[in-house]
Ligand code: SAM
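Next up is one chain by itself, shown in structure tokens, the form predicted alone.
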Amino acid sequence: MNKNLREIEKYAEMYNIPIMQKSGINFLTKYIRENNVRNILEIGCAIGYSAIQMALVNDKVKVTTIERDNERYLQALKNIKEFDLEKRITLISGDALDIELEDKYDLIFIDAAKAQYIKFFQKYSKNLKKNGVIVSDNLDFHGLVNQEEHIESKNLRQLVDKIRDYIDFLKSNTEFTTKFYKVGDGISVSTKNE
């Protein structure tokens, strides 16, 4: 593994910044490689870890990524620069719900505020190319989605309920067919029905 990636992982651990689990990022990069994905929109950049990993799959991959936290945005810029990926990763500072994009993408990756997943999905599905997919992370949420009895905090329970609502939304969405994978922290892949 690239020395710099390891440094990003250490930084994330030190400052308690959520980044994708190893098996999750491996699943995602393998999917990108096998399905010849070229154009990606990521909602929730954090410090650039997954955007960098996705861009490293192939030098034809372009990533547009959105981050609303200014400190993380600046750290992501720095990390992207260290990998010389500024030409292939476009970082947008702001709240994804306030941003309007015209481009179309092969893959949209949702990994931001869990409570807003349905809104992100609804807002950005219009930016999906024909045969494109929407990938969502954290659907197990550290195993809590299926272990509600272990949740003490009211806020955490509300968040878990929101993730459950999102899973139900995906299952009942007639415009998309969604497959769920027990990998990383729980991943779904939603394909638009023709």
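Counting begins at 1, following the sequence as shown. Just so you know, these numbers come straight off a predicted model, no measurement behind them.
Same protein, other form: the form predicted together with the ligand, not shown, and the subject of what follows.
Site annotation in the predicted bound form: the residue of I66, V37, I134, L139 reaching within 4.5 Å of the ligand with a heavy atom is I66. The partner is absent here; in the predicted bound form, the one residue of I32, A55, A46, L41 having a heavy atom within 4.5 Å of the ligand is A46.
Contact annotation for R72: at least one heavy atom lies within 4.5 Å of the ligand in the predicted bound form. Among heavy atoms of I19, some come within 4.5 Å of the ligand in the predicted bound form. Within this chain, I80 is remote from the site of the ligand in the predicted bound form, having no heavy atom within 4.5 Å. For Y105, no non-hydrogen atom is located within 4.5 Å of the ligand in the predicted bound form, even though that partner is not displayed. With contact defined as any non-hydrogen atom lying within 4.5 angstroms of the ligand in the predicted bound form, the contacting residues in 103 to 118 are F109, D111, A112, A113, K114, given in sequence order.
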